[in-house]
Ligand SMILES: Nc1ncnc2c1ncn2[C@@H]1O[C@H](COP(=O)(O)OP(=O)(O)O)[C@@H](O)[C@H]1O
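First, one chain by itself: the form predicted alone, in structure tokens.
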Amino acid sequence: MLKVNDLSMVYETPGGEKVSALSDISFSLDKGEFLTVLGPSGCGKTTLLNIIAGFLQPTQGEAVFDDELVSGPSPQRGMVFQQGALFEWMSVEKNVSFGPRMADKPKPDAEIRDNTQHWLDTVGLSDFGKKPVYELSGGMQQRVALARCLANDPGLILMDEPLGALDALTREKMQGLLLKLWKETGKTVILITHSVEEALILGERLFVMAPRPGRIEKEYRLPFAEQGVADDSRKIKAQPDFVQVREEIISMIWAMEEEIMGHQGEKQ
């Protein structure tokens, strides 16, 4: 479904210095896979996501989605941000129905209403359709953002730290919801996060990225997301194999951070 070929991205700072944000990134995703991406700040995670979304054009290489070159944003590649980027002056249902109403060939009003209600039911907001977004908690707003994304029926869902601003308990509940939606819809998902535990519990596949330049340092294929669909995530997080992989990744990222700090000290 998604192919990323030899992707590189070089930025030029205001001082004229060239910074390699990504270097020779290549991978492919099959339909229905859930990929999580981890790494220290500055490793190019968000840059990679923005290129796949079509918000940025790479310096080199390409991203191909469903046999079409990614050259700009598309409803087929839905985005969920850390802050929901919702229309706060609109009601919940108007936010969710916005994409279908603005489509090149919008469906009949009754069909859009049914679609909107379906996704509100799915994310547990069936009684909140008339509420203005600003009255909702952070967790509920992220549920609205998810429903709004799904209402457009994208083939690929891109998520940039979607749970990063939530408290610990709400975040854990939302992780369970994401696994449920992934399994029920069969959507392909790429999720960026700074939380190692979150990456492990959600991702069938996990990339650990290294900085300077941004690249895929290591890939994991994991059983925990599949287990998390049916079992309590807290039990899974306590399993010895989960703990072992978590500690391995934390040590890897810690070493990267230490190296970055060392280089910064040398420059000073």
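Numbering starts at 1 and runs along the sequence shown. The structure displayed is predicted, hence computed values, not measured ones.
What comes next is about the form predicted together with the ligand, which is not displayed.
Checklist entry - in the predicted bound form, does each residue in the set Ser91, Ala110 and Asn115 place a non-hydrogen atom within 4.5 angstroms of the ligand? => result No: no residue has a heavy atom within 4.5 Å of the partner.
Next on the checklist: Considering non-hydrogen atoms and a 4.5 Å limit, does the ligand approach Thr13 in the predicted bound form?
Outcome noted: Residue-level check for Thr13: yes, a contact with the ligand.
Next on the checklist: My question is simply whether Gln239 lines the interface with the ligand in the predicted bound form - judged by any non-hydrogen atom within 4.5 Å.
Outcome noted: Taking the distances in the predicted bound form, the answer for Gln239 is no, it never comes within 4.5 Å of the ligand.
Checklist entry - Are any of the heavy atoms in Cys43 no more than 4.5 Å from a heavy atom of the ligand in the predicted bound form? => result Contact check for Cys43: yes, within 4.5 Å of the ligand in the predicted bound form.
Checklist entry - According to a 4.5 angstroms non-hydrogen atom cut-off, is Ser233 in contact with the ligand in the predicted bound form? => result No, Ser233 stays farther than 4.5 Å from the ligand in the predicted bound form.
Checklist entry - Quick one: of Ile25, Ala21, Ile249, Met256, which gets a non-hydrogen atom within 4.5 angstroms of the ligand in the predicted bound form? => result When the ligand is considered in the predicted bound form, the option within 4.5 Å is Ala21.
Item to check | Partner-facing stretch of 196-204, 44-52, 59-67, 28-36, counted where any non-hydrogen atom is within 4.5 angstroms of the ligand in the predicted bound form | outcome: Of the options, only 44-52 has residues within 4.5 Å of the partner.
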